[in-house]
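As structure tokens, the next two blocks hold two forms of the same chain, structure 1 and structure 2.
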Structure 1
């Protein structure tokens, strides 16, 4: 059974929606800069300039929620625009997030510790499931709501869950993706792990020092053939492959040979019925931490052997948007397929000594891009791969 994609939407530090995003990618304009808020000002981050109030006003959001939920609403509404709710089409939302309403909770907990104006009511936004409820409410979706929280692979896993539910007939149509906002919690967390680059991150570069965090959301709409027959939507791409595997090596670090990553890429190819040589572009996880990029490079080498397709990390544009990254990068994949694009891997100058792989260095148009493989790896050794393909 084919899983069609009939809508997409995104918001990140490089823009809102397709036009702004493509313009930034084409002009190699990174969204990463010194943070403008109290909690981000000491770091290079992929921050979205709009405040919560501005997001609500500009995008006419009716539902209140944490910043994570609001970013999710903006992207999911774009994706679902022109789609109608119908009793004939069982429609769901599956959303990935790692922080949920932490942006509100951490502020409230600070008040609690400081013994001032602590308002427990504000924790109603805390749970990740609530942020998905709020996004679903904004879209008018209520046949099925689910949240996946596997850290940085959450959105990719949401795509996978959605595809499997459609294939089994449990759903006809499902909005899938992920959202995460920048919080002091995650910023302090990655700081404690000492994997920040104080400067702009350099994915796949020999001298890479670490990542830059970002925030954003990306969603796509999956539909079954049955649903398409009713909605008459034009598919923009297909979701053909998906997989999740465990590295089972360390709670946060990846194994040196990227065993989990290899397993997940190989299985996704199998699900799609494709050979490694069928892949035209790899959107790598590529966080620019010394550990991830080496491990992912090794895994790519063992899966693709001598013929490694053009690959790049787009994290130097958006920052690492954690649970949202697989959703944002799925939209990048759709844009690559439909416009024949390859995206540059910014800030690269020297190959990693052990692996000697050179990523795609410039923005290219007019390429044949039929199949894009997109990796997302999370804490807990949670490795996910999705494959998006052209509609033939």
Structure 2
């Protein structure tokens, strides 16, 4: 059974929607800068300039929610635009997030400490699942709603779960992706791991020091052939391959040899019925941490041998958007396929000593891009790979 993609939407530090995003990518304009908010001002982050109230007003959001939920609504509404709810089509939403409504909880706790208008009712936004419910409410979806929280692989795993539910006949159509906002909790957590870069991150560079965090959301709409026959939507791409594999090496670090990443990529290729040589571009996880980029480089070499396709990390544009990254980068993959694009790996100057791999260094147009492999790796060795392909 084929899994078709009939819609996509995203919001990140480089823009909202396709036009703004492509303009930033083409002009190699990063969205990473010194943060403007109290919790981000000491760091280089991929921060979205719009406030919560501006998001609600500009994008006509009816549903209240945390910043995580609001960002998700903006991207999911883009993806689901023109998709009508029908009793004939079982429609679901599967959303990945790592922080949920943490931003509201943090503000309420500050109010409590300062004796300022503390409202305990607002803690109800805290649960990750609440943001999914609110996004689904905004879209009018109620057949099935689920939340995945597997750190940085969450959105990719949402894509996989959606595809499996369509194949099993449990759903006909599903909105899948992820959303995350920047919070004090997130920043403090990554600071404790000592994997921040005080400057702009350098994915796959020998002198890389760590990541820049970001916020955003990305969603795509998956449909079965049955659903397409009813909706008459025009597919923009296909989800052809997916896999999740755990290397169970460490609570936060990837295995040095990239064993889990290798398994994930190989199994995704098997599901898609493709050979490594069929892949035209790899959107790598590429967090710019010493551990991840070495591990992923080793895995890419192991899977693709001597014929390594163009690869790059787009996190030097958006920052690492955590649970949202697999959704945002799935949209990047669709744009690459439909426009014949390869994206540059910003801030690169020197190959990693152990692997000697050079990523894609410039924005290129007019390329033949039929199949894109996208990696998303989470803490605990939760490695996920999806493959997006041109419509036959």
Partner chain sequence: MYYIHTISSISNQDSFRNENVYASLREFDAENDVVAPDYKEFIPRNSLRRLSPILRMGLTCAMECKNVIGKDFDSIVVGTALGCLKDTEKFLNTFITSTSDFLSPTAFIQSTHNTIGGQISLGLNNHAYNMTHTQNNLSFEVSLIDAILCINDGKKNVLVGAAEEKIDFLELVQPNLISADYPLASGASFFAISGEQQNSKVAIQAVDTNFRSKNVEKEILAFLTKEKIDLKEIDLLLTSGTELNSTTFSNKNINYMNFTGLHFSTSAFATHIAHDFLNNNDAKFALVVNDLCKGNLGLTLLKKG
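Numbering follows the first chain given and starts at 1. The model shown is predicted, which means the values in this text are computed figures rather than measured ones. Each form is matched to the other, and the largest set of C-alpha atoms that superpose within 1.5 Å is called the rigid core.
Of the two forms shown, structure 1 is the one predicted in complex with its partner chain, while structure 2 is not.
Once both forms are fitted on their rigid core, the CA atom of residue 109 lies 2 Å or more apart between the two structures.
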